[in-house]
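Presented below, as structure tokens, is a lone chain in the form predicted on its own.
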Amino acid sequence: MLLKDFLIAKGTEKKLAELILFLGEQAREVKKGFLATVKTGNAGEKTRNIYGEEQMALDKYSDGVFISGLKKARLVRFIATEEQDRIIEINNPKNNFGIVIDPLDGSSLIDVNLCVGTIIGIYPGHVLDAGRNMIAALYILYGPLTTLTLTTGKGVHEFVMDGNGEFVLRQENIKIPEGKIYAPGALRKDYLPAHARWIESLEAAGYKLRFSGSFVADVHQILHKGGVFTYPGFKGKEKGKLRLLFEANPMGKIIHEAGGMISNGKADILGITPQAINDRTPIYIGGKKEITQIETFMCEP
């Protein structure tokens, strides 16, 4: 079943369905850009983004695809992306939606040809809102297959791009299984005590380490195989490294809808209202058992 037909069959609100289909079309343009930048030799060209972090040519290209497309289509009122330092407000929008985008998560892996992706959250209005109020979230993986994983609050569903560039239903109503995979960010020497004890407990229980450096790809694996991803607060960055708005909330919404949890180690991230677009947070995301366990460790004296 095509994505368009699936959205109709599920009774997705018409304007929201139009926006989701538009985002899928932009994913095709992003994918085309991969080949174009490789041909020109610019795929691995590095600059710095607004946060002083390394930025690939494809980061800027992907950001431009989504922003220019959304400005032209006027399907949303507010746009926030990880590559911009302010919220963009569209003049005379057709809808009041707000959208948050990490245009190319994991871009540091481009030059070694590993999996990267786009993360998107959709709000009914302004984007500086708690993640639980998102009306849809999706991510697109550019790997051996190009896949789109989506929730509109009615389950989590995965689509794969076919030879015609159309997204076709691959798996419906995905539920995160029990599994023993853990994907840990940050250096072990910088772990805070409660986090270190939790990691030791996972290893003692036989969890296998699987960490690629692409948040969206690692969480995708957890969604399908079970376990937990974490990028905790650590020495020098006690407030965490990953961003609440662009990474934690959309992926947390998807994992929550699949029967899992997301936490900052103490509370559900989806209940936090962002104060600014660049807010960061510790992240624990995956199965309920693992997230409940870290919250217990964090409460211990």
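Residues carry their position along the shown sequence, with the first being 1. Source: prediction; values computed, not measured.
This protein has a second form, the form predicted in complex with a small molecule, left out of what is shown; the following refers to that one.
Undergrad: Considering non-hydrogen atoms and a 4.5 Å limit, does the small molecule approach G213 in the model of the complex?
TA: G213 belongs to the contact set for the small molecule.
Undergrad: Looking in the model of the complex, any heavy atom of W198 within 4.5 Å of the small molecule?
TA: No - in the model of the complex, heavy atoms of W198 and the small molecule never come within 4.5 Å of each other.
Undergrad: Would K241 sit within 4.5 Å of the small molecule in the model of the complex, counting heavy atoms only?
TA: K241: yes, in contact with the small molecule in the model of the complex.
Undergrad: Verify the contact flag for G226: yes if a non-hydrogen atom of it lies within 4.5 Å of a non-hydrogen atom of the small molecule in the model of the complex, no if not.
TA: Output for G226 is no: heavy atoms all beyond 4.5 Å of the small molecule.
Undergrad: Quick check on this chain: which one of Y123, Y231, Y139, F159 has a heavy atom within 4.5 Å of the small molecule in the model of the complex?
TA: It is Y231 that has a heavy atom within 4.5 Å of the partner.
Undergrad: Given a 4.5 Å cut-off on heavy atoms, tell me which of 199-207, 99-107, 168-176, 128-136 is the interface stretch with the small molecule in the model of the complex.
TA: Contact criterion met by 99-107 only.
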